[in-house]
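What follows is a single chain, given as structure tokens, in the form predicted alone.
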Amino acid sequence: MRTIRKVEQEKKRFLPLLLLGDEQEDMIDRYLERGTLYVMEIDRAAAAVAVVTRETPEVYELKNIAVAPKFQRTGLGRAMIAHVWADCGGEGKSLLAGTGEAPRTMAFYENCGFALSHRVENFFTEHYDHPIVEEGVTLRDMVYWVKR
């Protein structure tokens, strides 16, 4: 059985999954406690996570989304986005998601109903202590997507 719940305490116990979505722990520490942590469980085991922060009354930001390797490419990420959007979305609301320029990741957000918004140049090179590589692409700029 698949369920999604909010986690209020001991959020760091999900660090192994969170590190799949953001591979530097000190970056996760910047948003985890102030964000809402959603955990999708399958048969009581964590299969996916998402962290969302409220940036303004109208704008939420998806800071992290990750799916356990054995469940990747099965629709759980899309289901998590749909749940998060239903929980914080609505008329006049926006959900931002920042990511690198890895082709599959960008296609994922587009398939979930996001549109390109803006970019922050050199985000990955300035904020991470090592090169971040996804799908053979060394990430440099943070590309933001928006869902309205």
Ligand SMILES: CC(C)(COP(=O)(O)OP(=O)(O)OC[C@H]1O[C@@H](n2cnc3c(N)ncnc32)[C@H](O)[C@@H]1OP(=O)(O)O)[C@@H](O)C(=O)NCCC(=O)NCCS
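All values reported here derive from a predicted model rather than from experimental measurement. In this text, residue numbers run from 1 along the sequence as written.
Although not depicted, the form predicted together with the named molecule is the subject of the following passage.
Put simply, L15 is far from the named molecule in the predicted complex: not one heavy atom of it is within 4.5 Å. In the predicted complex, the named molecule sits within 4.5 Å of a heavy atom of N111. Taking non-hydrogen atoms only, A66 approaches the named molecule to within 4.5 angstroms in the predicted complex. The named molecule is not shown here, and in the predicted complex it never comes within 4.5 Å of any heavy atom of V137. Comment: 66-74 is the region of 66-74, 52-60, 26-34, 85-93 lying near the named molecule in the predicted complex, near meaning a non-hydrogen atom within 4.5 Å. Taking a 4.5 Å heavy atom cutoff to the named molecule in the predicted complex, none of the residues in 36-62 make contact.
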